[in-house]
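Quick heads-up: it's one chain on its own, the form predicted alone, in structure tokens.
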Amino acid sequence: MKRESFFARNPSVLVFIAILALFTLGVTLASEAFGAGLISTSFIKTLGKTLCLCLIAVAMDLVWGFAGILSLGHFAFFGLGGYMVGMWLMYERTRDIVVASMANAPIPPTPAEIDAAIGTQIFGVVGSSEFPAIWFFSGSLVMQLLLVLLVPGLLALIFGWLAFRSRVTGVYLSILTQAMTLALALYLFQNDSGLRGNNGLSGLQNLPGVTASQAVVSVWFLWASALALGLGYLLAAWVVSGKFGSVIRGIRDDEARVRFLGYSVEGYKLFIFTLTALIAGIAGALYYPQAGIINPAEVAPIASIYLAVWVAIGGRGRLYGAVIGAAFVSLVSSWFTGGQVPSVNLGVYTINWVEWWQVILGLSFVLVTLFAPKGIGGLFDLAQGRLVPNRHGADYGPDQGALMEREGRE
């Protein structure tokens, strides 16, 4: 019997890629740089950042929705990716400024003097002028791009190996990932962390050596973000579609049983945890040049909690659900917090939506959890008639240990 191709078994992947391509083309044609100017540059940056958030949501769905690992630390990997590329952007931008300011000096500056001036410009805000050791490769784009993968990947590998070999699961693992994120954020807040403490890295929207306007650069990043999301979605769909996907879903549903069948549960969990950290790092490296700044608050534990909320609202266990949840919440959040929604005066109290947005988000999460556990993505299942068949309480399998229908639905 001829085996079906990957796309034949997963037609939704082609649909997603087509929608993403049409969306990117439409935005490009409506942009100020390459089209009719119907969409502002600032909103194109918002759309580009939203695509990056969709990518990390896919990673979160892969590790939580399919493998059952509720990580509350994946935004740490996202932020580390941003810091790695931000170091090169800030170094090169500052170098251009310093070299230009010294161009008319009577005596040409030496490389050591240029480096000292760059250090003063970057670290003067924290009372220093010397480059920390972690900035050793900041002058090399290739090395910093490698660090975008190596730093989050190595952190995830070490943390995951220590946690999974100890068989920490459930809420205890979630607390550990949250503690890791908090420790990283507290470290980055220190001025002697080497990353400018609370000031963070700024001016990241200016690409060194690029004279194109921000209108053009924003579209470039939109293209890059769309490409990364498409490839990330394709990779995630491929991972969960085969035997590997069946094993990690089995670990999610009954870890002990999968272990008794002879599978290396810890190895599977470590692989998926590290893979999703790499995806998160790439998403962060594309996000922060569009945001223009990164600081330790970006990797605070609350950010990872928001990520879990996005995936839950979109529908975990469905890759397209994660994308829908992240895009929906991100765009609605920009609308509410951007002051575009007028306040409502009730006489005795005025509802300011900027302040009430987090309350609305939290309430939405509670309502979805109680009344729509499959999230927004579950609506597509209803439209396609993909409902779980009613087995009238019968076992799922022939043996006495098989799950009952009620257990399988829980």
Partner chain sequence: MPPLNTGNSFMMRILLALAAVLSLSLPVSAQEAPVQALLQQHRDIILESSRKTIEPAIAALAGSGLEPAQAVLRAWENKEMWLRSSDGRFYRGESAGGKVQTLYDFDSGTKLGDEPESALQQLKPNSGIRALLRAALVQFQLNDPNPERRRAALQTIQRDGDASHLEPLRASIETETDPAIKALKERTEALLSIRHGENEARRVEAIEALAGDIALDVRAALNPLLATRLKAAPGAVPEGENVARQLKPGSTALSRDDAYRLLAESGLAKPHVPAADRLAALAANIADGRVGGELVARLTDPAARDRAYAALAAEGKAPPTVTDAEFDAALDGHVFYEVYAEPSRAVTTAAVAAMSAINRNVGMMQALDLGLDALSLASIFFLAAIGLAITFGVMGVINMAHGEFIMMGAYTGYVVQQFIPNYTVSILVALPLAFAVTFAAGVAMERLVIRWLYDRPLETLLATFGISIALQQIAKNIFGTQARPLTAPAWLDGAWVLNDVVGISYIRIAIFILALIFLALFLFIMKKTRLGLETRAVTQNARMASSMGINPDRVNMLTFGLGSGIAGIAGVAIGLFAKVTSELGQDYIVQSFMTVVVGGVGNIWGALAGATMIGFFQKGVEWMNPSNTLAAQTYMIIFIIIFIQFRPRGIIALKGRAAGD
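Positions refer to the first chain, counted from 1. What you see is a predicted model, and the numbers here were worked out from it, not measured in a lab.
The same protein has a further form, the form predicted together with its partner chain, not shown here; the description that follows concerns it.
A heavy atom within 4.5 Å of its partner chain in the model of the complex is found for exactly one of Phe43, Trp356, Phe380, Phe34: Trp356.
For the options Leu162, Ala103, Ala133, Val210, the residue carrying a heavy atom within 4.5 angstroms of its partner chain in the model of the complex is Leu162.
At the 4.5 Å threshold, heavy atoms of Pro109 reach its partner chain in the model of the complex. Contact annotation: Val329 falls outside 4.5 Å of its partner chain in the model of the complex, judged by heavy atom distances.
Interface membership of Gln190, defined by any non-hydrogen atom within 4.5 Å of its partner chain in the model of the complex, is confirmed. Although the partner is absent here, Ile39 is not a contact residue: none of its heavy atoms lies within 4.5 angstroms of its partner chain in the model of the complex. Of the candidate stretches 93-101, 140-148, 166-174, 73-81, only 166-174 has residues with heavy atoms within 4.5 Å of its partner chain in the model of the complex. Using a 4.5 Å cut-off to its partner chain in the model of the complex, each of Ala308, Leu363 and Thr369 places a heavy atom inside that distance. Contacts with its partner chain in the model of the complex, taken as any heavy atom within 4.5 Å, map to no residue of 238-258.
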